[in-house]
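Encoded as structure tokens, the following chain is the form predicted on its own, with no partner shown.
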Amino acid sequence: MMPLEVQNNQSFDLAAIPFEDRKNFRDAVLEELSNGNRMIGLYPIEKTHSEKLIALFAEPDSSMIHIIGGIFDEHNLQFESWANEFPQTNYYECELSENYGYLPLNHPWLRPVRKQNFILGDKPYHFYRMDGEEIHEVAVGPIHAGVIEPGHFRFQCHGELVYNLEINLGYQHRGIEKLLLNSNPLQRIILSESIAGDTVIGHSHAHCNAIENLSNTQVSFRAQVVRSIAEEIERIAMHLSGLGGVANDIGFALVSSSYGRLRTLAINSLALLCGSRFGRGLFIYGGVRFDYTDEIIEETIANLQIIKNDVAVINEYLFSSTGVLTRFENTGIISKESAQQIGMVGLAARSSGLENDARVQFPYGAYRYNPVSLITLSSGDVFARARLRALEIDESLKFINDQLENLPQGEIKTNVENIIAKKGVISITEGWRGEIIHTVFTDEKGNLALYKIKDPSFNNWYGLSLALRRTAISDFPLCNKSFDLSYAGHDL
């Protein structure tokens, strides 16, 4: 089967998706995986017709997205699992089974995605357990101290050593995909900003790109640049938060509070632009609601200069400390091979040596004309995940300063046309955690018929589980913060 090939944010006719029978569909998926392409979606083309399945794959070398379809018997939603040979499909198959009743035969570990206690409709799920005289189980959450979101972590330990960590999520499933289908355009943007509260810009950028390309709306270059500046400020703010978090988890209070001070400067720079420190209200269809003035540019550059100067000193203090390096290095390792096998994305993947950055491989908006550097490290440990945050802050600061000094002229908003019927689009952005994907299909009246969201945390939670294997349970908070994943983004 020849797949339909599209670019990021390129609208396409739904009728162009090739559909084959179950056997040929499975073979086509195997061919995509064998060719080194990464699965980025597996779900029915319509929620009311679950027997028509599509699989999406990313081919970074060509910046293309491959789409293939399969037609199943609605009374026999079974297929031979791909996950034994290609573990990256594991969670996609679990989600497909949980949401639509599909049965991946010989799946290595069919487990809940968001329903916690059941698989295959109503079959009780039993957590993985180990037996032995010195084996013990530690259960943490889902209720945590402070303002941490709900998630359940179950450790199988031998003494202090973790042999398996099983993560159970789905405690705040809000049905946001369904809400997006049934909301008006103004409500949709607010909903997209609420998918993950710490990734307002990343998700609203993906959402607006999708709707704009479904309506053949051309966004001005100035608006695209303003959007990308906001996205990089969000990246800086959250990387500073992550660095403060790992410093706090090893008791390095002075460094942690210093990163927090700089994060405040970053989010205040977003507030200068749009009135919200998290970027809410900035994005509208066709552009942005607020523009940079000379005064805002001057104050933003001043804030970023303080961040640049001070973060260099704080980073030097953090990464030159023998005590810090003792805790960071060789802790929570994910090898490049493991990261690739399970389909990790974003900063966590780049920390294990994988070249994975949508801004570079699937460029969108201003990144098509003003590229950023793709930075990787190879050790795959807490040190790499922390150090890469520091390096990406420097790269984002450079990008923002370049754009502010050369801000193009033009309008910040263009008129939005009507959404076109029977079309589809796959919108990819690079949130601060990694690859965000919004897939949107329309029906014969131009209404939204399918809205599917994939947050980078969907890919990376299992990476955290692997990072804890053969690691002391006391290092869990540090490893967890080094990944800094989203519960809300996963639970949707």
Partner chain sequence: MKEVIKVRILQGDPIVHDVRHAQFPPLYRGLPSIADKPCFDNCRKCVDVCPTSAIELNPVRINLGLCVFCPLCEETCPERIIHFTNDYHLSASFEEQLIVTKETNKITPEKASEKIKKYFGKSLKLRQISAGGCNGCELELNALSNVNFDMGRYGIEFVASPRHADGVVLTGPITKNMTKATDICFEAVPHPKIIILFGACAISGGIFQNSDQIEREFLMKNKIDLFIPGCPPHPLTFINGLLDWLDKKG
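Numbering follows the first chain given and starts at 1. Keep in mind the model is a prediction, meaning the values are calculated, not measured.
In what follows, reference is made to the form predicted in complex with its partner chain, a form of this protein that is not presented.
Q: Does its partner chain come within 4.5 Å of any heavy atom of N84 in the model of the complex?
A: N84 lies outside the contact set for its partner chain.
Q: Any chance H158 has a heavy atom within 4.5 Å of its partner chain in the model of the complex?
A: No, H158 sits far enough from its partner chain in the model of the complex that none of its heavy atoms falls within 4.5 Å.
Q: Is V162 one of the residues lying within 4.5 Å of its partner chain in the model of the complex, judged by heavy atom distances?
A: V162: no, not in contact with its partner chain in the model of the complex.
Q: Using heavy atoms and a 4.5 Å limit, would one call Y285 a contact residue for its partner chain in the model of the complex?
A: Y285 lies outside the contact set for its partner chain.
Q: May I ask you to choose, among P371, P150, G410, P108, the residue with a heavy atom within 4.5 Å of its partner chain in the model of the complex?
A: When its partner chain is considered in the model of the complex, the option within 4.5 Å is P150.
Q: Quick one: from A196, A384, A349, V219, grab the residue that has a heavy atom within 4.5 Å of its partner chain in the model of the complex.
A: Only one option qualifies, and that one is A196.
Q: Non-hydrogen atoms within 4.5 angstroms of its partner chain in the model of the complex: do L179, G275 and F290 all have one?
A: All three within 4.5 Å in the model of the complex.
Q: Just to confirm the contact call: exactly one of 166 to 174, 71 to 79, 337 to 345, 385 to 393 touches its partner chain in the model of the complex at a 4.5 Å heavy atom cutoff, so which is it?
A: Careful reading of the contacts points to 166 to 174.
Q: Enumerate the residues of 213 to 243 that have a non-hydrogen atom within 4.5 Å of its partner chain in the model of the complex, in sequence order, or give none.
A: Contacts from 213 to 243: just M238.
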